[in-house]
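Coming up is one lone chain in structure tokens, specifically the form predicted alone.
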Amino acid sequence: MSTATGKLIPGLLADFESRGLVHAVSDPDLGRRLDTEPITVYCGFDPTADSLHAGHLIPLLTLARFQRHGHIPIVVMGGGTGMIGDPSGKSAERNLLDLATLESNLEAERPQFARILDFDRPGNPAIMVNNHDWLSDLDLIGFLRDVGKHLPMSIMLSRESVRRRLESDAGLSFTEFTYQALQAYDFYHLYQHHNCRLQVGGSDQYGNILTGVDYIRRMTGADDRATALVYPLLTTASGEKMGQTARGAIWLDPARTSPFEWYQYWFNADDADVIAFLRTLTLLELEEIAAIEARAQADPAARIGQRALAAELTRMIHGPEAAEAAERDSRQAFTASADPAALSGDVPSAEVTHADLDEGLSLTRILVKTGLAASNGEAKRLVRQGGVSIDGRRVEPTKRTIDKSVFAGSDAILLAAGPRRRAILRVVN
């Protein structure tokens, strides 16, 4: 359900609740307000890498849901706060990034936001701002006098994220402690300059956001409401962090995580997770998700939910053509007669030379080189346990090297590591 004119569509908060996306809300009247008046809402993103990752899907889609219901979303890029580092949810202090790195990361991430948010939408276009633009103008004395004066230490110290770090061996630096003051000022700045009345974030951000709500109240008057809405930090049913693998994060940048790998990650979602992921990580309507769930329960072996999840998320992030190619490659790569020459360039691959093969190649090194194993140790375990195959034929656990005989006159072979990972090894020269 969406609108192209900015016209309000009621029921947004109820939709969030039905999807399991409400952890806490500071204003019990927020649902009525969202149904009766357009609200400007913001979420912050610190550009600590040159790509967004799967963990950013919830905040991105939260803003997209607001936009589709007629509200105005603001993306706040943390070019300023990113130089400080948010202690929320962290056990140790981040490495501080310089301005040039942050600006480079910001430019790399910018087009990724446009895949999900509409910055040209009539009536309620999304807005992107960089908090370095206003935080860099602050002077220390002025900030302490005009902002710090209105931030009670007792409240700031009581925040769970601060208390947890203070009690840890790592402790909390003053630099990190000031993060919530800067975030509070961000909210106030957007309140003043963009009429922003709502900040959203993960549940670990609730204390920081409430600091901003309280600061705005102190600066503007008790009746002028600013509000916090936070969603749960999602993990898999087994408690693992969503969007993480043994080889690291699942990135939105296709150069970091190919559309095929992205599709495979979601296609391999556990049955216990897939419906929750469809509710929280896609823009599919709840009625459509319920229909998918019913079909999946009727035929569990068909992995209907996983196919819908992988296809929808790959279309959203990489476009329909990439989604079709990833789905096609997935079908072909996991058949016994898979032909590596028929697979697209998105399937993980590596190249070797004829000279390499004449000398004999370490199977362990090949598994790491193709990304099928995160380390030499993992690769050795895979081989030892009989979890590796070449063109559908299981590799003997005692095998240590491969040579040109495994190619059997072809210039490519399909390597498999376990039931879920595939890669192509090509011969060049």
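One-based numbering along the sequence shown. Values in this document were obtained by computation on a predicted structure and should not be read as measured data.
If you look for the form predicted together with the RNA, you will not find it shown, but the lines that follow are about it.
Contact with the RNA in the model of the complex, defined as a heavy atom within 4.5 Å, is made by all three of 171, 264 and 394.
Checked against the RNA in the model of the complex, the candidates 339, 160, 288, 270 yield a single residue with a heavy atom inside 4.5 Å, and that residue is 270.
Put simply, of 417, 12, 22, 406 only one has a heavy atom within 4.5 Å of the RNA in the model of the complex, and it is 417. The RNA in the model of the complex is not approached by residue 70, whose heavy atoms all lie more than 4.5 angstroms from it. Contact check for residue 387: a non-hydrogen atom falls within 4.5 Å of the RNA in the model of the complex. Within this chain, residue 33 is remote from the site of the RNA in the model of the complex, having no heavy atom within 4.5 Å. With a 4.5 Å cutoff on heavy atoms, residue 376 counts as touching the RNA in the model of the complex. Contact with the RNA in the model of the complex, defined as any heavy atom within 4.5 Å, is confined among 120 to 128, 275 to 283, 300 to 308, 313 to 321 to 300 to 308.
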